[in-house]
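First comes one chain, alone, set out as structure tokens in the form predicted alone.
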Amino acid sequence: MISDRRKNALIFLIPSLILLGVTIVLPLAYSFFISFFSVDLKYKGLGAFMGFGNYASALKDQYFMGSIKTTVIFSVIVVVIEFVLGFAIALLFNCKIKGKNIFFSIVIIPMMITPVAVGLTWRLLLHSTLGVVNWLLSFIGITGHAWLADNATALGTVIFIDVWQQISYMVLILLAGLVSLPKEPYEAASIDGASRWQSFKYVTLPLMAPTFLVAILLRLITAFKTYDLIYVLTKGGPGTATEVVSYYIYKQAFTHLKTSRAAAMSFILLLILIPVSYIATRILRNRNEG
């Protein structure tokens, strides 16, 4: 028999479960279903049954595999830079410094701006002839450069812009972890004569390990799904220099109208992300149990 308490809980959960089913489960199920057919938006119906043909053709697609490579490079670099700089900034904010609230407000401003607005703003700033960046560089004798139109600089420029916007997200997570650390281990280390560096190395870093893992995991997943910034800044160009997997999937679905193929690629992307999430979760759980 179900208790009255559980019945009441189920009653309150049902609307949320229905909403999740309509907005998440049904679209996922439909996408998975059509990934086994040859759905093309130019024609009606599901088309021919392809089995795993769409998945096989996606894995043989050199541009799709290249977009995965670009995504991995982009994600790893931005996460590493944002983590290192974010932790350094979080450590500064965790100290008693004058004007900390003002500096903190400045740091979190980029995170409050939508990626589309960020992309449009930086496109104007980095314009090869009319941009402020090249105009300022001209004062120190550096000629203007097409930062987003050159194969050598396009990906690096996008990485810089992403770090500029997303580093505040990393700062917030790491600062929350630092603020929540217990005081007792530091007091014990001080009594034992530990220096600041020793306290940081043997107390702060081990205690922050779970927060590090959560911050890196969340940021890695969001970086792997980056789309809007690429769309606004470069549209995957020049050539395929900045074509990440999310944007390539978008092109397959809405430019080439290959809906089934795009669905198959989306689930390949999902299969890449699931093991990363699972491994990180297991490591975090084992560390907490230990």
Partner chain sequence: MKKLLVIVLALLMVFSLAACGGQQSGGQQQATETKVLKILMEDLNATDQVLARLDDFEAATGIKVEAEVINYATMHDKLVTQLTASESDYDVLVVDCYWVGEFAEAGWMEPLDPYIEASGFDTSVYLPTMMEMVGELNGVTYELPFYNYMMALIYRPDVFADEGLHKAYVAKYGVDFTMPTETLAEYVQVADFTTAYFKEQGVEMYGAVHQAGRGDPIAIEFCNYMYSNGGDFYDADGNITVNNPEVVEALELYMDAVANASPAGAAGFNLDDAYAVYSAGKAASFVTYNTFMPVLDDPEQSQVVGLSEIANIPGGHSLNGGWGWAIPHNAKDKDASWEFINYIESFDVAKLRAEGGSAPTRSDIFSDPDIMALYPYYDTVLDIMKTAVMLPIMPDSTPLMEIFGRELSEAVSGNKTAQEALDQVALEMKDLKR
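Numbering follows the first chain given and starts at 1. Think of the rigid core as the biggest set of C-alphas that the two forms share within 1.5 Å after superposition. The structure displayed is predicted, hence computed values, not measured ones.
This next part talks about the form predicted in complex with its partner chain, which is not shown.
- Residues within 4.5 angstroms of its partner chain in the predicted complex, judged by any non-hydrogen atom, belong to 119 to 127 and to none of the other stretches in 155 to 163, 216 to 224, 119 to 127, 73 to 81.
- Using a 4.5 angstroms limit between non-hydrogen atoms, P15 touches its partner chain in the predicted complex.
- Its partner chain in the predicted complex is not approached by F36, whose heavy atoms all lie more than 4.5 angstroms from it.
- Shown alone here, G53 lies farther than 4.5 Å from its partner chain in the predicted complex, counting heavy atoms only.
- When contacts are judged by a 4.5 Å heavy atom cut-off, P27 does not count as touching its partner chain in the predicted complex.
- For the residues I113, A149, L85, L137, the 4.5 Å heavy atom test against its partner chain in the predicted complex is passed only by A149.
- The putative spot formed by Y43, T240 and F254 is fully lined by its partner chain in the predicted complex; each residue has a non-hydrogen atom within 4.5 angstroms of it.
- For the partner-free chain shown, Q62, Y63 of 57 to 77 come within 4.5 angstroms of its partner chain in the predicted complex, judged by any non-hydrogen atom.
- Annotation: Cα of V25 displaced by less than 2 Å between this form and the one not shown, core superposition.
- Core-aligned CA deviation for L270 between this form and the one not shown: less than 2 Å.
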